[in-house]
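Given next, in structure tokens, is a single chain: the form predicted on its own.
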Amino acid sequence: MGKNKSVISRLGGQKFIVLLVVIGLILFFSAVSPDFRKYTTVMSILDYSYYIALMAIGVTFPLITGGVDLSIGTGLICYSLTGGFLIVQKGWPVWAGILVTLLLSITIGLLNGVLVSVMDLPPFLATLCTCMITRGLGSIFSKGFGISWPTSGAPGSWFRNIFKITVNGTKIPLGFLWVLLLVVLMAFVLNHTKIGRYTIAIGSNKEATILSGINVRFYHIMAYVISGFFAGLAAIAYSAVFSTVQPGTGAGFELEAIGGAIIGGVSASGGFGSIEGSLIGVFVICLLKTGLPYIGLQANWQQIITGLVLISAVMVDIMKRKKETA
């Protein structure tokens, strides 16, 4: 019981600190640049946050098992290109393209789970391989050209209204509400269902979990299936927010999602984490990427500062673990 309280206290404390960082970044960028306070900037941050947040929700599960999923970034582009190819080039209805997008993402997630849990490949290596596979598949479907899903106002563009609608000339970010709903749902799954509890158990002590009679392979695979499924949702969000999907892109998206989850309190070595913490961590990443140009720092500095923030989060995790085991 004492250990459980320690973990809960640890997660709660880190989430509170990261939330303060988010508020501090908003206040800082708003004070330095009046342009940052514009509504268009808020919409830009939210547009960028949807697909990163959805990937972060999903990848939280493999991370908690002590693994990782490097395929979600290139996978997002692959799934989006595949769905767009079927809709635009083959004339499929949008709902069918979305269904195939999700089925393909689940299939890749299942493949990752089998490679890691059944074939016993290191998660880094297994998901790096599927990262390359999805990158190649996306280029094959698109034939090397960008693909646009139905644009606003065109037949079949209804899916864009899932994430953003315009009322009296003002854009309303519905996508943020969907992300919050999914955070609440997956937080419940993580904390109050067998899938969630056994995911945490695998990351905490896999050998003990096996000895207790739990079907570790099944729940380990499910962690990667969930990650794949949310990469598919992220692909739909990306297609809805951006006009064109370009093949060969997506590398680095997974690092932002994983980085956000770790900043939000998911342990880099597995065993614990939270969905809401991952969401808060993602907003640190999004605010840095959107806000730093307003103070004159371009892409190279953005990457350096984001990397330093991530190193700080990992160091905090390591120090807390040493303190608990001391």
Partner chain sequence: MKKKVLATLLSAAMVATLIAGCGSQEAAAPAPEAPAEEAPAEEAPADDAAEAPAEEPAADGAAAGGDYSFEIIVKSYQSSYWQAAVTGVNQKAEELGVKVNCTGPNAESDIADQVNMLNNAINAAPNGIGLAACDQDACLDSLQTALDKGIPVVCFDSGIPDAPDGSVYATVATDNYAAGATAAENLYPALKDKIASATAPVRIGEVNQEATSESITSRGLGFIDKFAELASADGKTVAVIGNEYYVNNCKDKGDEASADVIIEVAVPAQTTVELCATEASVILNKADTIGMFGSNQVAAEGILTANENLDVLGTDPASSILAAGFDAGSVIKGAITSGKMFGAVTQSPLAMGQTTVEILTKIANGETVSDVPTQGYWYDSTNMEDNSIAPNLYD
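Numbering follows the first chain given and starts at 1. Bear in mind the structure is a predicted one, so any value in this text is a computation, not a measurement.
Same protein, other form: the form predicted together with the partner chain, not shown, and the subject of what follows.
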Might Phe145 be said to contact the partner chain in the model of the complex, defining contact as any heavy atom within 4.5 Å?
yes
Is Trp95 near the partner chain? Define near as a heavy atom within 4.5 Å, in the model of the complex.
no
So in the model of the complex, does any heavy atom of Leu104 sit within 4.5 Å of the partner chain?
no
Would Met43 show up as a contact with the partner chain in the model of the complex if we use heavy atoms at 4.5 Å?
yes
Decide if the three candidate residues Ser152, Ala251 and Thr290 all line the partner chain in the model of the complex, where lining means a heavy atom within 4.5 Å.
yes
Can you pick the stretch from 43-51, 66-74, 275-283, 22-30 whose heavy atoms fall within 4.5 Å of the partner chain in the model of the complex?
43-51
Let me know which residues along 229-247 have a heavy atom within 4.5 Å of the partner chain in the model of the complex, or say none if there are none.
Tyr238, Val241, Phe242, Ser243, Thr244, Gln246
